[in-house]
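Single chain ahead, by itself, as structure tokens, in the form predicted alone.
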Amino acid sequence: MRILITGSNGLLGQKIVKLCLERGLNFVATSKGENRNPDCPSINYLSMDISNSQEINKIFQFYYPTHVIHTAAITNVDYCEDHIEECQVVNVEATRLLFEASKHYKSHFQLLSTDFVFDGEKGNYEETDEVGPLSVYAKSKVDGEKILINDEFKDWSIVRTIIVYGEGHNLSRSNIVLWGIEALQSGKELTIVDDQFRAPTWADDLAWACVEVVLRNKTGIYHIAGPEIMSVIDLVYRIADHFGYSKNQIKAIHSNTLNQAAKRPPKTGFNLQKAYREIDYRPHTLEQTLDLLKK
């Protein structure tokens, strides 16, 4: 087994690298530019622009991966709304290039996707539920999924997830849990939406599931998220309770007052029964992960 990881400088990519090292799995980590993860040995790292077919083919020829875990993407939802062409290139066309290379080398191809493929009217979504993207970002992920779903080559998996959080090295973006801890600690006022519902996902749990799908030779769509659906403001309240911070500084607002460029689904969350049954997925609760962050 030889695993090629894209987006290895990101939070999920770093967790997958960590897991591969712990399990002694053969892997090559790739991101655009230099290796920003000090835990990733330089011998296991190669720079790769996922929108450059020549770079992709060069690395496939050099490494000959048996499995590809494609985590790299533009995930800033509002940025995508204002940069449609760039979003299309990175989230759709790069996925197509990597998938074509995987087909040529007969590599299993795993695509990371999102709860935002749904319209948020139902919640607790199953893998078989119909998608309904509300934003440029969401549509780009649906289009990326369709590249796999509509192809005759069936050695692929799609792992959808929700609000990934945890600690990493030199990350380009923070995440809501780390931001919430820092903001509460500082004592400043927080305005948090009370009408969006999600199932926050511990990055280590997600990495475990991605690798487990590969190790068990699973194909198809898998929903991987935290075990509880909660409002975003309840998430911040629970962080405050856990660390003993005052909740008086938390102010509730409605989504429609934010004037965000991209529309968000009001309620997502996943039915995790398939993951429980087929890969023995057992996600941590929010409080369990906060204990781990405290350590």
Ligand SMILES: NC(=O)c1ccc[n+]([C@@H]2O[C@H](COP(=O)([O-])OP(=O)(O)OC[C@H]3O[C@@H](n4cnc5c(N)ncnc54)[C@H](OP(=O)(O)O)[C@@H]3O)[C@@H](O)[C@H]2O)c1
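Nothing here was measured: the structure is a model prediction, and the numbers come from that model. Numbers for residues come from their place in the sequence shown, where the first is 1.
The same protein also exists as the form predicted together with the named molecule; that form is not shown, yet it is the one meant from here on.
At a distance of at most 4.5 angstroms from the named molecule in the predicted bound form, none of the three residues N26, I69 and S102 contributes a non-hydrogen atom. The contact residue chosen from V214, V136, V164, V177 relative to the named molecule in the predicted bound form is V164, the criterion being a non-hydrogen atom within 4.5 angstroms. None of K106, R173, K146, K154 but one reaches within 4.5 angstroms of the named molecule in the predicted bound form through a heavy atom, and that residue is R173. Proximity of G10 to the named molecule in the predicted bound form: non-hydrogen atoms within 4.5 Å are present. Heavy atoms of Q110 never reach within 4.5 Å of the named molecule in the predicted bound form, leaving it off the interface. For the chain shown alone, D234 is not a contact residue for the named molecule in the predicted bound form, no non-hydrogen atom being within 4.5 angstroms. Although the partner is absent here, I239 sits far enough away that none of its heavy atoms falls within 4.5 Å of the named molecule in the predicted bound form. Judged by heavy atoms within 4.5 Å of the named molecule in the predicted bound form, the contact stretch among the candidates 248-256, 59-67, 261-269, 45-53 is 45-53. Within 4.5 angstroms of the named molecule in the predicted bound form, the stretch 73-100 places a non-hydrogen atom from each of A73, T75, V90, taken in sequence order.
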